[in-house]
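As structure tokens, one chain now follows by itself in the form predicted alone.
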Amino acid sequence: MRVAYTDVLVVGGGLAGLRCATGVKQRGHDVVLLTLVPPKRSHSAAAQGGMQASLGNCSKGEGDNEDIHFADTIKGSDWGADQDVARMFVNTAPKAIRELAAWGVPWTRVHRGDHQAIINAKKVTLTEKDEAHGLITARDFGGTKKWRTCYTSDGTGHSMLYAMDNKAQEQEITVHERMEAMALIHENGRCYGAVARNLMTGELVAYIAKATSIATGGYGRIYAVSTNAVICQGMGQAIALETGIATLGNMEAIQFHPTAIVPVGILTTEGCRGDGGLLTDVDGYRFMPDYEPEKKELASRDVVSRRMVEHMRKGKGVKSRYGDHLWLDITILGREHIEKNLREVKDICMSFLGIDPAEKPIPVRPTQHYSMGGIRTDYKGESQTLKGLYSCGEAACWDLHGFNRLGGNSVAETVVSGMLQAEHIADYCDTEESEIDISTKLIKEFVDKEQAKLDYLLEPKENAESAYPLRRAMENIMMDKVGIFRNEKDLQDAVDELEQLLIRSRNIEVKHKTLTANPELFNAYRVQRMLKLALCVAKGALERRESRGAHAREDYLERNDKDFLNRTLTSWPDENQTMPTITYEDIDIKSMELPPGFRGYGKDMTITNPESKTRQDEVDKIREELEAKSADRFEIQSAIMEYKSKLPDRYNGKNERLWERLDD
């Protein structure tokens, strides 16, 4: 048995994992990072459009600040977000983006003077101020009041990931590639690391650490068509679930991106619409203004996706051998703009569709894209139920996004949650409480248990199952019955069918009898875990009888703040269970800075909670009293909801802008 010891174990080599690891290392603690693929091949590289931070440098971002970004985020979440976390996030995002600039991210910049832009299908002239020349600029994204999404053409994630990985190499962080965490080692409510498997040799290695952070991304591959990379199978969430102690939050909150190309599901960035692209139907008609006259194509992602499906249901989709689709038309932007700012979109269209998007529209339809759910943590990023276990980025339910995330907030969240969590982990590692007290006997028990599971998959069985048809069946069930629109019958059928697939998966036999590099083997044990995650999603969706954010029930159209202003918590306390255990965590209206209200899309379908008006009256009174005393916005905000005590000291300062100078 091989055992490796370190201060901090980070599982996942994307933006969140790398930023957590670099932050811990900066504080003087040893760190080992495990990753399925080399970090520069992480799915973070696929993020195209940008990262939200309220810099307010460009003319259409002028006046932006943390307050506006906060309000956009809470409304976008459909009041499902943790408002303390959202405040921490919007305060830190400008610091994160400037840090990344110092580390080498070539953010697109403001150029003084006039330039052309497409807004609402019309060419307009925007004028940038001389004093903003050379500062980081931004583009428009859905659900925001200001242009706030900072970018590097349409390769933002790629640029950020390379800069972050370079920083990790500069710090000489230990990275173990082709390693997969198979189980968390824990005892008496404390996590001590993980058992990991070398995907090439099949060897199991125990990594023992004071703190363990899971940053493995989302679980989109439980769906048949997803914009997620093939490695986004939710294994980080699954091994946390299988502890029987850690909980997952809001697993039913699944976002569909409006503009994935047909049929392969590869993403075309929201930057296409942010820069002025249009959605049109079979007749070439621009339909979004009919549904959302104010925001049109730049309504929040969940809203646009539903409107697209509604429009296709009316017979306005374009027929194809792969099903109905709509058109994303960016020809209006012109070839020069596309080849400069949307060059990756052009390459994707040329390579996978044979279409030049500067000349022809792109066939698109909504496709599974992002997982708001994940390992439930507190504001520090630590599991609420398993000490020493942390999570950040898309793997976590921190909970910044609630039931729908805004575009650009997830890329920002990776680095912001990573940098904040790193400080909390380092603080924890500085205490005596973090000292490791674990026997080699316990370590061996966890290693032997995982080895036994692998050996069992190789054993001959009567009526043996193959993992591949089970996985395809799961993917199709999720796509057909737990998709954009949901209803009681489909969800109940999905739960019943997934439960039977899970039972059948316990009889999987791997035909290729080797523990070394064996795709059939890792597909087998991953499918068993993916089925558990799929059940968490489907069962949570079935029990949440309301519509909130990306969770849209056709049979319960209202957002029900009276009965469902809460987070769904799922756990799996007994490994022999065939269904997750579901409980709920209330979201406290009394502590909110922004009490629940009308989100601003379509008709207000809210079943209100009486506490919302009470809290809004309290907030209004505090604001009026302090404004009468000429208090500034920071004093007013702090009086309504104090959050800064939760921020690490090094990130607690104000953010400077052209009109908010720190030396004034």
Partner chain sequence: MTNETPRLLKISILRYNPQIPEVKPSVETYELEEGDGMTLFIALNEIRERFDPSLKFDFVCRAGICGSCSMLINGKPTLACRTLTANLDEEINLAPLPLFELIGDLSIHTGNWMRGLNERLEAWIHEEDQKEVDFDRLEEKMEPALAEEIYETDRCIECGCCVAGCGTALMRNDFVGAVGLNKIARFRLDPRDKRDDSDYYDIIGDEDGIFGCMSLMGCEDSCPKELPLQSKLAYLRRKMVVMKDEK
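For clarity, every value in this text was computed on a predicted model and none was experimentally measured. Numbering follows the first chain given and starts at 1.
FYI, the form predicted together with its partner chain isn't displayed, but the following is about it.
- When its partner chain is considered in the predicted bound form, residue 162 lines it closely, a heavy atom lying within 4.5 Å.
- Its partner chain is not shown here, but in the predicted bound form it comes within 4.5 Å of a heavy atom of residue 154.
- In the predicted bound form, residue 38 approaches its partner chain with a heavy atom inside 4.5 Å.
- Its partner chain in the predicted bound form comes within 4.5 Å of a heavy atom belonging to residue 46.
- Residues within 4.5 angstroms of its partner chain in the predicted bound form, judged by any non-hydrogen atom, belong to 198-206 and to none of the other stretches in 198-206, 269-277, 323-331, 251-259.
- Taken together, the three residues 294, 382 and 617 lack any non-hydrogen atom within 4.5 angstroms of its partner chain in the predicted bound form.
- Only one of the listed residues (314, 472, 123, 590) places a non-hydrogen atom within 4.5 angstroms of its partner chain in the predicted bound form, and that residue is 472.
- Interface residue among 495, 105, 457, 565 relative to its partner chain in the predicted bound form, by the heavy atom within 4.5 Å criterion: 105.
- Residues 340, 343, 344, 347, 348, 351, 352 of 330-362 are found to place at least one heavy atom within 4.5 Å of its partner chain in the predicted bound form.
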